[in-house]
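This document opens with one chain alone, in structure tokens, the form predicted on its own.
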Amino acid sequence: MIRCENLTKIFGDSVVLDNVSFSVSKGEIFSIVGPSGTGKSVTLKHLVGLFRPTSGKVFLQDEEVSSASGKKLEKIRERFGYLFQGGALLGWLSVAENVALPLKELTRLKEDEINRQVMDALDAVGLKDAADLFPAEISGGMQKRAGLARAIVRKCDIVLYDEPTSGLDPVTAITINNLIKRINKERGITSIVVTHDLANALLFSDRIMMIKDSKVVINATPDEFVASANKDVQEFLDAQFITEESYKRMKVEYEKKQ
């Protein structure tokens, strides 16, 4: 569904992405992990044409995103929802008004239909009762959920998540990750998740790609990721105190709760 071919991005003298290639199938939850500053968020921005590659190409099915512009790029972007790292809610608008923004700015729907779709999206993330509250009146986890509602309100089929659990406590982070998985399944959405939260990524992802020093280190299933003998992968696992045994225990506990 989404394909990157030899994606390279250079800012000045800095190579941020170096011949990065991967593909994401329809309906997958595909996580991108790695140390800070390795180009994870830059990769996301290439997928929706916010950045142009220095070289290489990005495709959404048969459409080349990396060369698209104008109306063609707008049409491609209609298929994407984007959950920004901080939620990116406007403080002077209510939760419902924040979620309604894409519909008001990008469609010609009537007010009653906008309201219906907004409430459907808020219901999907468990925030229907918070519709009239302002961002300052809700928790960080609720702000992330409101941002997710805004990302899916236009019935997109791909959602990009940039650090969806950043700044959240472990319990709230698990709630957000479970929500990503549930919405992915219920709505048939393809999800691409940039995250530092490797432990949870191992539990909810179909595949995980690690980037280090601007290059792809591994692109594998969670089981393959944990079992990898690659030195960089093992160092990354060690830094988060994850072993094959602890992963197996986490996986058993997680599956019991599903």
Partner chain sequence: MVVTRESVFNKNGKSFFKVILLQMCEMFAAIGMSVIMMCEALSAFPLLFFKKDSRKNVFSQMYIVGIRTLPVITVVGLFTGMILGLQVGLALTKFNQESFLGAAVMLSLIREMAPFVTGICLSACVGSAIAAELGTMVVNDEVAALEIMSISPVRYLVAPRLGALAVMSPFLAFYACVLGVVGGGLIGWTQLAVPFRQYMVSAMSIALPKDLFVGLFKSLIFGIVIGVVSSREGFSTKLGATGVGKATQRSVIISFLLILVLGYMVTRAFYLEF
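Positions refer to the first chain, counted from 1. Computed from a predicted structure; not experimentally measured. The term rigid core refers to the maximal set of C-alpha atoms that superpose within 1.5 Å between the two forms.
There is another form of the same protein, the form predicted in complex with its partner chain; it is not shown, and what comes next is about it.
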Problem - its partner chain in the predicted bound form reached by all of 62, 218 and 254, non-hydrogen atom within 4.5 Å - result: no
Problem - Among 202-210, 26-34, 228-236, 51-59, the region lying within 4.5 Å of its partner chain in the predicted bound form by heavy atom distance - result: 51-59
Handout entry: Contact flag, residue 105 vs its partner chain in the predicted bound form, heavy atom cut 4.5 Å
Key = yes
Practice task
Verify the contact flag for residue 170: yes if a non-hydrogen atom of it lies within 4.5 Å of a non-hydrogen atom of its partner chain in the predicted bound form, no if not.
Solution key: no
Exercise for the section: Answer for residue 84 alone: is it within 4.5 Å of its partner chain in the predicted bound form, judged on heavy atom distances? Expected result: yes
Handout entry: Interface membership of residue 152, its partner chain in the predicted bound form, 4.5 Å heavy atom rule
Key = no
Handout entry: Stretch 89-119 - residues with a heavy atom within 4.5 Å of its partner chain in the predicted bound form
Key = 89, 90, 91, 92, 93, 101, 102, 104, 105, 106
Practice task
Align on the rigid core first; then say whether the Cα of residue 179 has moved by at least 2 Å between this form and the one not shown.
Solution key: no
Problem - Shift of residue 164 between this form and the one not shown at or above 2 Å (CA, core fit) - result: no
Handout entry: Large Cα move at residue 79 between this form and the one not shown, threshold 2 Å, rigid core
Key = no
